[in-house]
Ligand code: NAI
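Next up: just one chain, as structure tokens, the form predicted alone.
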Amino acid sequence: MDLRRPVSSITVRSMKAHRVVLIPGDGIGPEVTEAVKRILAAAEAPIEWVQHLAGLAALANGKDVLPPETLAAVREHGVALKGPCTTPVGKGFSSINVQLRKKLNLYAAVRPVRSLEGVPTRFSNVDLVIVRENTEGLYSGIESEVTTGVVTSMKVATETACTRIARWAFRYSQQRRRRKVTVFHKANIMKLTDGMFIRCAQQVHEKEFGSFPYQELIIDAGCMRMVQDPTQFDVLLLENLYGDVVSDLCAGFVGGLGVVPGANIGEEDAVFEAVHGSAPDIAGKGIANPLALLMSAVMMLNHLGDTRGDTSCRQIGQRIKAAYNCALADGQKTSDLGGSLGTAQFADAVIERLRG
């Protein structure tokens, strides 16, 4: 299912290797990226990697943090897999993730969150998808210092972007046979910006998806209800900042950011990424969990299958998913999940089950 454009406009490409831009990232990025490459190679995924740099790794090579050639490569090939990139806190360069989303107009951020066998948590049957508007809100980065000690930050909302993400969320939910779309908002206070967000969602629902279950909740009440019982929700639709915060909150239901994948999808391009940080404190130690990036790679394979007519990609993605699910169920886990395996060892465990 191509969630970017109508099926009639899809260009079916060669069933041979798909060229995918690989951005290893910073910190633990190169280690988890190498593990994922090994697993995809063992599964015989039809991928040809085109490696480019971003973040501190790019700076260390005398380049911009987001080099023009990296952006050009993603635009040329349409798909990228990205490891975590470092973002300085309170100073320095702006987030590489935010820059990529803006410059490539990757307006839909998608984070599936589901319980995993072998990863015990407070809740055992979580199955959520967070859909986040990726280009506007407070993350527009429009800030200014009014006078000494006083700064402002502007929250931006447009009907175009609010309508576009609502339509994407409903279409995704319908195609994936999900149960319900819930909008979290704060329109009782931010009557213009969040008011526009829910109004656009209402209009899209009424005009195009009227029979699909839909509800709205003020975000603070919604979060309270969610931590009481996340199973009452299914697909969550949120503006940018709320989506960022709530998606990390939801990751806590299933074991943390190390077991949650992410995708950023636009009309033409898509970037799949691990949503956790670059963890410089453990970089080079060989203990990082590659699962989040591996799960993102499975999302990437599904996307290639949907958009390029290559059913083998989706089939391979299903095999990889079954293999890492089996590894976790067998207790083959990295230390962050209570196990003892290192990065390469976990990759070996998944590859063993692929071949078994």
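All figures in this text were calculated on a predicted structure; none of them were measured in a lab. All residue numbers are counted from 1 along the displayed sequence.
FYI, the form predicted together with this ligand isn't displayed, but the following is about it.
Student: Test of understanding: in the predicted bound form, would Gly277 fall inside 4.5 Å of this ligand by heavy atoms?
Tutor: Contact with this ligand, yes.
Student: Using 4.5 Å between non-hydrogen atoms, is Val119 touching this ligand in the predicted bound form?
Tutor: Val119: no contact with this ligand in the predicted bound form.
Student: Taking this ligand as it sits in the predicted bound form, is Asp348 in contact with it (heavy atom to heavy atom, 4.5 Å or less)?
Tutor: Asp348 lies outside the contact set for this ligand.
Student: Please determine whether Arg101 contacts this ligand in the predicted bound form, using a 4.5 Å cut-off between heavy atoms.
Tutor: The answer is yes: Arg101 has a heavy atom within 4.5 Å of this ligand.
Student: So this ligand isn't shown here. In the predicted bound form, which residue out of Asn97, Ser247, Thr182, Thr135 has a non-hydrogen atom within 4.5 Å of it?
Tutor: Spelling it out, the residue with a heavy atom inside the cut-off is Asn97.
Student: With this ligand left out of view, choose which of Ala288, Val36, Met300, Ala54 has a non-hydrogen atom within 4.5 angstroms of it in the predicted bound form.
Tutor: Contact residue from the list: Ala288.
Student: Heavy atoms within 4.5 Å of this ligand in the predicted bound form: which stretch among 72-80, 102-110, 212-220, 269-277?
Tutor: It is 269-277 that comes within 4.5 Å of the partner.
Student: Within 247-266, which residues come within 4.5 Å of this ligand in the predicted bound form, counting heavy atoms only?
Tutor: Sequence-ordered list: Leu257, Gly258.
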